[in-house]
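Here's a solo chain for you in C-alpha cells, the form predicted on its own.
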Amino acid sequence: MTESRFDEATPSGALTLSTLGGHAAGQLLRLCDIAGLDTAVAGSYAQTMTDVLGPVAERPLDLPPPTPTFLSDDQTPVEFSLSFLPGAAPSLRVLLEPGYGAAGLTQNGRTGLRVIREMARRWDFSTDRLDELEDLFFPASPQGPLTLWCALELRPGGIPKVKVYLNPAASGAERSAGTLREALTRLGHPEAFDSLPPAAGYPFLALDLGDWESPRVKVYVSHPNLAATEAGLLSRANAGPLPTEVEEFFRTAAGLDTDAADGADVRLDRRPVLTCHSFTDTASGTPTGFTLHIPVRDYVRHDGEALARAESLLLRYGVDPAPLGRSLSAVTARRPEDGVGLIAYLALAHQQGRPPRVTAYISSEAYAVRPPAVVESPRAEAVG
C-alpha cells in the first residue's frame, strides 16, 4: 500500500486544503476521529480516497468541476455517510466516483473497473461477481448518469469493506428492467426481480465485494410522489420492518408528523424517495434487507431543520445524536442554517438478524453550498 501522506489532523504535501483531494481528505480525517478510528488508520484511508480519485485529487478548488457527476448536487465526487446503532460509535462510509474527470462515460467506466481491480489485488478479494456483469453494465456506448461508483466502509485495521454501484440503464433506460433481471439471474437470484415492489425506475445495482459475512446484492428502486402509507407497504423482506415503523420514519424525516386536516396523505413530489432491497439467500427470491431513503434536502428550508429531524430519529432508536452534530462541524465551518443539502438523505435500514440502523448521508460541498430554500408544503391528496 502507498505510504500515507495524511498522518496529521489536516492534509499536507501536494494535496493542500485548496485542492479537491486535500479538502475531502481533511473532512475524512476529522470524521474518522468521530468514528473512533485511530490516526494511522485514518491517514491510510485518506490516502486510499485520494488514490481512488486519481489526478482530479490535485485539482485546485478555484477551478470549476471538470465533469458533471450524479453523485452530489454540487458536482463533488465524494459523499460521506454515518450509520448509527445504540451504544456504539457511528460506522463511517465514503462513496466515490473513481472515473470522475474522465473524457466520457466509456473512459469513466474503464477507470472505475481498473480501480476496483487494483483494490482487489491490494486487499486480496475476488471481483468474480463484478466480472460476470461487465457486458451488461459497461457496453461500448454507455448511457445514463453514471457507470461505476465505489463505497468504502471504514473499519479499524485499515482494510475497508468495498461496495460497487452500477447503472441498470447503461444500455438505455428502456432496458433497465431487463438488464437488472439478467444480472440478478447471473448472480444466483433468478426470482429476485419479481419480488421487487412497483417501480418508476432502478437507479442502482450494488454489490458487496471482499470481506463480508453475508455479501449482498442490492437493488435500488425509485418512488416519485410517494406517501407515507404507501412507503409502509414497500418492504418485501422476511422479518422486515412493520409498516407503521416505516411510516413513522417517513413522516419524521420528511417533516410530516401531522397529517393533513382532511385526512389526506401527503406525497413527496420533489426528489423521489428510494428503497433498497438486498438479497443474500440464493435459495429463495425473498429479500433479506430493506432500506428507506428520504431525500431530506429537498423537503427542508435549511440544514438546521434536517439536523433536528435526524436527531429526533436517532433519539427514537436509542442513539446519542451528539456525534451527528459533530460530524457536520467536521465537514464544514458554516452554520447548518446557512445552507441546505449538507444532510442529503436520511435512511432507515433493516437487515435480517440485525438491529435497525439510522444513516445520515453527508455532502462534501467542495464546490458549492445551496442557499437556504423557501419550501412549500409537499402536495397533499387522497391516497388509495
Ligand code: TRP
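A residue's number is simply how far along the shown sequence it sits, counting from 1. Predicted, not measured: the structure shown is a model, and the values here were computed from it.
The protein also exists as the form predicted in complex with the ligand; that form is not presented, and the subsequent description refers to it.
Engineer: Non-hydrogen atoms within 4.5 angstroms of the ligand in the model of the complex: do 79, 149 and 271 all have one?
Structural biologist: Contact check passed for all of 79, 149 and 271.
Engineer: Identify which of 71, 162, 115, 206 has a heavy atom within 4.5 Å of the ligand in the model of the complex; exactly one of them does.
Structural biologist: Going through each option in turn, the one that passes is 71.
Engineer: Which residue, 169, 95, 307, 120, has a heavy atom that falls within 4.5 Å of the ligand in the model of the complex?
Structural biologist: That would be 95.
Engineer: Just one of 135-143, 291-299, 182-190, 229-237 has heavy atoms within 4.5 Å of the ligand in the model of the complex; which?
Structural biologist: Within 4.5 Å of the partner lies stretch 291-299.
Engineer: Between 330-362 and the ligand in the model of the complex, list the residues on our side with a heavy atom within 4.5 Å.
Structural biologist: If the 4.5 Å heavy-atom criterion is applied to the ligand in the model of the complex, 330-362 yields 345, 361.
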